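First, one chain by itself: the form predicted alone, in structure tokens.
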């Protein structure tokens, strides 16, 4: 029988919430109860922030290479326990287990390894100033940082958030989603086992309106890093104003995926299916708007719809499953509501639009891969659905494609498929998005910054940009001649 860690992790110990309340965690395959976890409220967040504040002086003073070694040890441990972590992630989130093991676990380990490796490579600089003075700028950690992450990739988000924050010398209070906390708690347990000092990382599971809100408002937190919806991002900004804490936001997206007539159509079909149906479309960077050049639209759609209908939907613990359930009943119903919205606006359902008819999946949160022909101005083309739901719109030429791509207030990810590299580079430079993929989609790497523009937020996860985001630039002036300054000299 699998053991699930189900308590809060505060000051190096697993503890119950102060008032003893719990939250039920369900398996989205059949909505059965997996376990109940301790619920954190304001008092628990206070305890976690206090523990992180106590741990900060020693952790930040630890040589950066020593902090890096612990992150490297964690990466090794994650790889050694890949099967367990993949099982937890598939059970809790609905990710197909083959993706959880071959993508999520490997990316998580790679991200911790990257930040473990660059922990001692964050350099300052010297600035040429007037004679007699030395000026140098060093990067110093912020202190206690709060991190609030969603339910769609909980395991990977531990590394995206904890990796750079810890490497830079900060201590952390993380609030994972109450829907999918199990892999995060297991990572915390691993960190304790391999020797991370008490209080350096604290995990509080709770609801956004209670634990999340209190963490965002907390005067003891120097930065809040949030991944989630744009609506909640606005609330995070408002909550941060009390002590003017730094804020990093990775919010919603409505990724345009552009198919030009000179594209390798089979590659574009396969890549576009990955862009929207991987993890059941529950990704902020999903290619949820297909923009297809008119002359190849019919051929592309014939191939794309055939592929979509062939995707194997099933129990995420089955190694043959290609698409599992959405992560909760509430979210499944929300995604299905957009099918009704599409019909009301005159859209055409080209594929899917319903739960699969397989009786073995009837209790779960399943939706068929859904393809909808819609106008660029329809709600389904402008609002983030966050499911296996893609809209299709056609265009005539490059200028119309660019206008359509930039036709939303989001600016996170975007892709384009063409054999014309001149067009590719020009389009990439003109698309308002933090990430653009050419003849590919949804590629990520720990060394490459991840984040958006516009309503998709600001700041970056991963890369050296993330390390800089978890530090402050401190300017130090040295009077090397040791002379008395001239002003008011007696």
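Positions refer to the first chain, counted from 1. Model, not experiment: these values are computed from the prediction.
The same protein also has a form predicted together with nicotinamide-adenine-dinucleotide, omitted here; what follows describes it.
- With nicotinamide-adenine-dinucleotide left out of view, the stretch that reaches within 4.5 Å of it through heavy atoms in the model of the complex is, among 206-214, 87-95, 133-141, 191-199, 206-214.
- For the options 272, 408, 152, 393, the residue carrying a heavy atom within 4.5 angstroms of nicotinamide-adenine-dinucleotide in the model of the complex is 152.
- A heavy atom within 4.5 Å of nicotinamide-adenine-dinucleotide in the model of the complex is found for one listed residue only; from 292, 251, 118, 365, this is 251.
- Every member of the trio 228, 232 and 284 reaches nicotinamide-adenine-dinucleotide in the model of the complex with some non-hydrogen atom inside 4.5 Å.
- nicotinamide-adenine-dinucleotide is not drawn, but in the model of the complex it has a heavy atom within 4.5 Å of residue 148.
- Under a 4.5 angstroms non-hydrogen atom cutoff, nicotinamide-adenine-dinucleotide in the model of the complex lacks residue 104 among its neighbouring residues.
- Contact annotation for residue 321: none of its heavy atoms lies within 4.5 Å of nicotinamide-adenine-dinucleotide in the model of the complex.
- Shown alone here, residue 412 lies within 4.5 Å of nicotinamide-adenine-dinucleotide in the model of the complex, counting heavy atoms only.
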